[in-house]
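Only one chain is included here, represented as structure tokens and corresponding to the form predicted alone.
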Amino acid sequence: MNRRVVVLKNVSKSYPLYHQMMGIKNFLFNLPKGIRSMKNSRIEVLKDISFEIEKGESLGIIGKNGAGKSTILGLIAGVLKPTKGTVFVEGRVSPLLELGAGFHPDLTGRENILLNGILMGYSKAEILKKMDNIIAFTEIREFIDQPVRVYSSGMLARLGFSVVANLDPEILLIDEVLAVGDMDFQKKCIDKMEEFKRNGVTIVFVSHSMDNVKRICDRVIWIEDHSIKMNNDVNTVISNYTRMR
């Protein structure tokens, strides 16, 4: 049996609804009531989610906007903590969750490559060794020494994916950012993900493109109403999902 590298057990995630709070003066003068109100007024993003991912598996996560798909990636990446339940991750996580996440707008593309790599746990020497490959993959070499605040969303997607694609990921988390940018680069990214799959990299892929999910994933989790509606092989889940839409 393959080793489990990601385990979510009875995980729930909720956030307080701050807009329901009373005014600050009333809150201070009615402190017990205000605290109870904060505790009781919450929105639940995930409800009692449990699943496992084995080393080298490619898992797709599908569902409508707001279902909780990106929250799952944030929990696996460690940038979010569960309200209830436990999240276990073994291995170095390379996340691409949001355009521009981890990029400093006043730093150049080259400097942000170094910053992102360090944030993902690589040494400066490791990043510099792969710098030329990363820049070549972006196909935006003429802008690489410009501050990223002048980059388009497509250029940010190129830069972000190029960093995670060239630093030997163990667990690769990809959100719907591949929908941004030109078709040629999207194809290049999907081809790279297929290469990762062949090389045994663990992949968690959130996408609205069922064609891409079929190409990349072995198994799919369908999230609906913030819970798991189906967890099965890719063809079974997608055929049910498309029929219900």
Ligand SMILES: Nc1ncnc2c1ncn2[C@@H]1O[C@H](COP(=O)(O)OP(=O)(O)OP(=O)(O)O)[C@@H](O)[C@H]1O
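Numbering starts at 1 and runs along the sequence shown. Just so it is clear, the structure is predicted and the values come from calculations on it, not from any experiment.
What follows is about the form predicted in complex with this ligand, which we do not show.
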None of Val201, Ala67, Met210, Ile53 but one has a heavy atom within 4.5 Å of this ligand in the model of the complex; the exception is Ala67
Of the listed stretches (127 to 135, 102 to 110, 148 to 156, 70 to 78), which one has a non-hydrogen atom within 4.5 Å of this ligand in the model of the complex? 70 to 78
Val45, heavy atom within 4.5 angstroms of this ligand in the model of the complex: yes
